[in-house]
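Take a look at this one chain, the form predicted alone, written out in structure tokens.
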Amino acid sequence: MKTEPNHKEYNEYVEQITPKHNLCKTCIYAFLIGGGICTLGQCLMQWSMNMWQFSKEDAATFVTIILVFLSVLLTGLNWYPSIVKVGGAGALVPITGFANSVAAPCIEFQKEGQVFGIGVKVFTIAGPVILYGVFTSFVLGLIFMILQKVGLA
């Protein structure tokens, strides 16, 4: 009969299977991947402003669309998870990470159909970000409005 491992054995087991991370190396990769994404965006912005004479606002919209498209394309090709594995937060923080978080559940649950697969799961990861982002914006706007009425802002 198998016995339950004691506390010490369990801790040793957890220590064995827990991946080891080099914090310095992880931060450098996050910086390089995130910086690369942002540099690509800035290059696209400058290019669109110089090549097509876009205004700054139009160029920013163009860059956003291109970066979201590239993120969804790389997610669909199953390459974005590899980028995230190397770049960590550097790949997840920019808008490309948000697009990936919306596209990945769509791809994963498409077998379950349009409504119960994609429709239900599309905002599994991004939904809380949207919900709490909008709610926090509302609360902060309300506080700002009250401070303005009182004359403190």
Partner chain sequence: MEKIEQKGIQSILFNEPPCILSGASVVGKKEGEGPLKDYFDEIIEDAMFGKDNWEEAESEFMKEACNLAITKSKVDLKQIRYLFGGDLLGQLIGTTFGISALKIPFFGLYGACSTIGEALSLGSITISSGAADYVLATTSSHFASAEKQFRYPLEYGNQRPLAATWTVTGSAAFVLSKDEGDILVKGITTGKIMDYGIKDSMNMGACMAPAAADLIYQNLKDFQIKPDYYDKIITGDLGKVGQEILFKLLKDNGVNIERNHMDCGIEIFDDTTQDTHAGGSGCGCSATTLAGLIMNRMSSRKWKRVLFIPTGALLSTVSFNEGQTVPGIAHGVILERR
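Residue numbers count along the first chain shown, from 1. Note that the structure is predicted; figures quoted are calculated from it, not measured. Rigid core: the largest C-alpha set superposing within 1.5 Å between the two forms.
Omitted from view is the form predicted together with the partner chain, to which the following refers.
When the partner chain is considered in the predicted complex, C43 lies well away from it, no heavy atom lying within 4.5 Å. In the predicted complex, at least one heavy atom of V86 sits within 4.5 Å of the partner chain. In the predicted complex, F31 stays away from the partner chain, with no heavy atom inside 4.5 Å. Using a 4.5 angstroms threshold between heavy atoms, C24 stays clear of the partner chain in the predicted complex. Residue L92 is the only one of I66, V120, L92, M49 with a heavy atom lying within 4.5 Å of the partner chain in the predicted complex. Contact here is defined as any heavy atom lying within 4.5 Å of the partner chain in the predicted complex, and by that definition each of Y13, S101 and A104 is a contact residue. In the predicted complex, just one residue of 125-147 lies within 4.5 Å of the partner chain by at least one heavy atom: I125. If you fit the rigid core between this form and the one not shown, you'll see the Cα of C24 move by less than 2 angstroms.
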